[in-house]
Every structure is written in C-alpha cells, then in structure tokens.
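Encoded as structure tokens, the following chain is the form predicted on its own, with no partner shown.
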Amino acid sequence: MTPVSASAWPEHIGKNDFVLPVPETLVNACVATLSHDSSRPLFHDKHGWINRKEFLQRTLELAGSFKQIGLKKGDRILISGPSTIDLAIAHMAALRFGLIVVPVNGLYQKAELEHVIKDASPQAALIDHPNWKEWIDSIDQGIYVSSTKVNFPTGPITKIDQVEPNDPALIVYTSGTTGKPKGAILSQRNLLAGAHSVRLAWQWEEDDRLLLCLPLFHMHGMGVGLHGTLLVGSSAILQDGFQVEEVIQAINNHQTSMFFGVPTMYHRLAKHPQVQEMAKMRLCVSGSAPLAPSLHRKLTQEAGIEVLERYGMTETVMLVSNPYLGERRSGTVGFPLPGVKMKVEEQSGEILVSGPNVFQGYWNQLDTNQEVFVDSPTEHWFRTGDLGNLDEDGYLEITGRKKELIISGGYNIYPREVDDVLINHPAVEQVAVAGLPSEEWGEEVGAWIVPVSQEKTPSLEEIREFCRQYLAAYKLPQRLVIVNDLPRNALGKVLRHELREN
C-alpha cells in the first residue's frame, strides 16, 4: 500500500498533533463555545436572526419536551425539513438529549421513506413535508410525529449534554449510488473529529460567516456546515435550496466570507453575469462530486475565485482537502486532513482510511461491516470503495468508484477519465459514462450525454473522433445515449447505476 504523507498539514496549520477538545463529544464542544458571548448572532434564515443564547435556550426547552413525551437516551428520531433555524434547533436538541438523529432527504417518496423507517425504527419524527405524516402513520403508527416547530409539552430537565464520545449520534443513510441506502452510524467523537479537522485546515474562525444552501440532511451541509458553525461559534446564513440570484445577493447583504457548494452549483454560478461577487469571500469549497478541471479554470480566470476541492463521505465526514494556504491543485482533492490516515492499495487502487472521524459501522449490516473494515495490528481501516492515485507531490486524485469500474476486454476503464474528456466537447452540456454488457468484450463504454441544444446533438462517431485525441482506443465510447437529464442524487452526484439505454 502507498501511504500519503501527513507532513503537508503542519506546514499549513502550524501544528503536528491532532487533539480533540475534551471530553471529545460534539455536543459538549459546541455548548462550551456557544456559552460565551451569548448575544453574538449565530444563524439567519428567512425569518431573521437567532443568537447563541436564544439557540441554546430553545434547544434546552425542546430537550425537555422530548423527556415529556417519553423519549430516552439512545432512541432514534427522524428529522427532515427545509434548511431553517427550527431544523437546526431540532437537530441540536436531539443530540443534547442523547437521541440518535436520523436525517432524511426531503425529496424521498413513500417507498424510500419506508425503507429508512423500517430499517432504523425511529421512536419519533420531526418533519416539515406535506403527506409525510400520513405516510409515516401508514408505515408505523407507533411513531410520534410532529413538525420541527414542535408544540410538545415542556417540563424540567436535569440530564442534558450527558453523552460519551462513543455514543451514537447519527444514523445517516448513504446516497444510494450503488443500491439501497445503508445507515452509517456516527458517534459524538466521529462528528467532532470531522468538524474540528476542517476548522483547523480551513482556518475557520469566529468572525467567519458561512453562506449555506446545502441541505441539512447530508454530511456536507450538516456535518461540515452546521456542525462546523456550532463548533467554531461563527455564523451562517441558511438558505432553503440553491438559487443563483439569492446567493449573489446574500454575499453583499450579509457580508459572507465562506461558501460551501457542489459542482452543479458552481456550474450555474459561472454563468451569472455577477459571478465576480464570489471573489469577495475568502473561501469557496466544492465537494460531493468531482469539479471538472475546465470549470475550476473558468472560475479562477473569470470569477477570481480558486475553489478548494475536498473529499468526504457519509461514513467519515471529511477525509482529504486541498490546502487553504498553498497550491489548490485542479483535478485533485489534496492531502489527508489533520487526524486522518490514508493509504491506496497498490493493485486495486482502492482508498483506505483510518482516524477518529471514521464511523462505527452500518446499522443492521453485520456482514457488510466485516467486508468494509480491515484490521491491522495497530490500525482500524475503512475500505471507502473509491479509487484513487497520488501525483508526484502526494495530492490525491479520485478516479472513480470500485463498483463503477468498467472492465472491457480485460482493460480497466475509469468512467471519470472519459467524463473529463467528453465534458470539453463543444456540443456536450452534461455527460456520464458507465459500463454496458457486451458479449464480445464483457463490458463496453456507454456515454449518456445531455447536448447543449437539440440542433447540436453529436453523433457517436463525432464523440469517438473527439476522444481519440486524448484516450486510448479501448476507452472510446461504443454506445451513445442522448438524454434530457442525468439521474442525480440531491447533491448532484450522478447515479451511474440508474443509467439505462432506453
């Protein structure tokens, strides 16, 4: 296995060791921060601001309500709704009480919601979606259901913030890019380590103001954006969904200094005539899917922002990041974050990671847990399922998913490598490559393309001719499928397993 040098981070953060705040729980670290300077603004949504004192008081009151309705430490609670202060309060109140939060994508339909409920068996649900109460009642009538604007009875509570580092805090269901979602169990310590590592690496300070349009059910918006803000004691502008115009306006209206997004957001921002406003912020981070090198260059040249790419997973919060100070190398995700160890298997190219941020395992998935964890005499390693390689300076490049690897005629083909070529074709707006069954080759390269316009729809031969300049012959697409949209999850990640020829 090839290890990644951890020497890059001390150079940028001035520390050689990684020490978590005692007692190594997210809850206690956040409460300790927010208990000082109580009038300082914390979150803003469309209804206005809430300060630290009000936030802590409301989470305390809601925790008291949880006790009144009979919940106890270790119970699961499903939470889902738009990105609002109410949702942030519900999330933090549950963690302070010792509940295990099950955050759920608000776009789920009944069958998807049913899978989560039957798997996690929550005792309560706080939801802000039409039809969901009716759906939940039809799935399991034993679940206490309310909105995040809770109107529970309140009562005195004495045991608050009584959590241990290894207590489960979240069960987060994976994006489902390779099948049915699995529930990743993350402890208090896992969440603290994930937020603390980026706090150090990105020089996140109390005076920062984050513009957050990412959903709070996903690790990028919740585990980094929400938890990071609470840990640092900075502030955040919560926007319900992503609208380019609202992002541009918020930069000036709220003097934001940080923006977290996904490549789809940056693609749309790059087209806005006032995209240069983004340069007023000190840090713009991209993750959850690869940022095309061509888009990275365009944002640098035309908008004046050098986007920082990073790499994380539901199971690990954050793992790897380009440096805040130093070269942010396009097409790579940088170095392992403080506290993270990483290695790349020489033969398979699979990325393995270890550290206090790595989850405890999948809920009700004993067999899978035995497959994804590898124990050495001194380390506990998690098989990410992602493939990567290191350049000469130790920057990590993500080349694809192990299960998405195309094997054609005995050759290994990484879909992203072909994606990155095709996206530069002038007639291609979006593209995703995946393997298709072939009697002769085992698999063939299929390319699903959203054209720039119907008048400029490229032919298969045009696509192959373009690719010949950059790719070996065995990597050229053998089949072409023209589509109006690509199947994606809520954060813009292409669901390659859902690509079909018809």
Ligand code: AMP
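Not measured: the values here are computed from a predicted model. Numbers for residues come from their place in the sequence shown, where the first is 1.
Below, we turn to the form predicted in complex with the ligand, even though it does not appear here.
Heavy atoms within 4.5 Å of the ligand in the model of the complex map, among the stretches 339 to 347, 124 to 132, 304 to 312, 272 to 280, onto 304 to 312 alone. Mapping the unseen interface onto this chain, Asn412 counts among the residues with a heavy atom inside 4.5 Å of the ligand in the model of the complex. The shortest heavy atom separation between Ser235 and the ligand in the model of the complex exceeds 4.5 Å. A residue is said to contact a partner when one of its heavy atoms sits within 4.5 Å of a partner heavy atom; Ile185 fails this definition for the ligand in the model of the complex, lying far away. Shown alone here, Pro103 lies farther than 4.5 Å from the ligand in the model of the complex, counting heavy atoms only. Residue in contact with the ligand in the model of the complex (any heavy atom within 4.5 Å), chosen from Glu114, Asp208, Asp161, Asp386: Asp386. Lys403 is the sole member of Lys118, Lys73, His254, Lys403 with a non-hydrogen atom within 4.5 Å of the ligand in the model of the complex. Not one of Leu20, Gln57 and Gly225 places a heavy atom within 4.5 Å of the ligand in the model of the complex.
Shown without its partner, the chain has Gly287, Ser288, Ala289, Pro290 in segment 281 to 307 as residues with a non-hydrogen atom within 4.5 angstroms of the ligand in the model of the complex. Relative to this form, Glu345 and Tyr474 separate from one another in the model of the complex, with their C-alpha atoms ending up at least 3 Å farther apart.
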